[in-house]
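Take a look at this single chain in structure tokens; it is the form predicted on its own.
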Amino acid sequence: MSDTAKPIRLLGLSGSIRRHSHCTAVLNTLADSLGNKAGGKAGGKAEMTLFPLNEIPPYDPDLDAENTPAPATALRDSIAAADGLVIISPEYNYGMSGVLKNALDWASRPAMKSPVRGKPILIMTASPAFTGGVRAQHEMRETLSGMMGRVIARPQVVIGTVHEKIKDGRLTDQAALDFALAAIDDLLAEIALLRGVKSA
């Protein structure tokens, strides 16, 4: 099977490990929509799995050699196996969550050769505030660009007053969902473009 014919595999990372995380609810809703052929242009064309960050230990360079913790290795392997990443974070003190930054520090190694290098990435934020966590997006973009990730250029996906848009663990606000799915379409287009270049 050619690269262009293979199903697209996305990996979702939520910057919140809270049991009833709004960010995780958004990712789960997107994953459901991707598996549904009626879920817009993206429906049925890709699948997304989530990698929970609960067990990722604090980054310690002393452990990042022969004794890399298994959860960190699993994170790197999952990123390497994915065609693209969907990363969403809450906004903590105008920045991304510490949980997400810590995971990205693990994922950034080995330096210049990490699994994030060249990987198409869609970033999102969600917050109970009306600003939707938009101030965290700059920090996320800077960090991922520093890791040589391929953060796609598009209008920012920010979900404000997210606590009013989640019900039973799913994003129920149709406008917010449609905008997020349009962003997924852009991510898939970027992945397809890269696949075409590689197979040419």
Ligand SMILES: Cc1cc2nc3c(=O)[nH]c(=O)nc-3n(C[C@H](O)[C@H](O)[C@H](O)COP(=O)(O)O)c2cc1C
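Note that residue numbering follows the sequence shown and begins at 1. Just so it is clear, the structure is predicted and the values come from calculations on it, not from any experiment.
The same protein has a further form, the form predicted in complex with the named molecule, not shown here; the description that follows concerns it.
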Counting only heavy atoms and a 4.5 Å cutoff, which of 63-71, 169-177, 143-151, 127-135 contacts the named molecule in the predicted bound form?
127-135
Should residue 91 be counted as a contact of the named molecule in the predicted bound form, where contact means heavy atoms within 4.5 Å?
yes
Taking 4.5 angstroms as the cut-off for heavy atoms, does residue 10 touch the named molecule in the predicted bound form?
no
Whether residue 184 contacts the named molecule in the predicted bound form should be assessed with a 4.5 Å heavy atom distance threshold; does it?
no
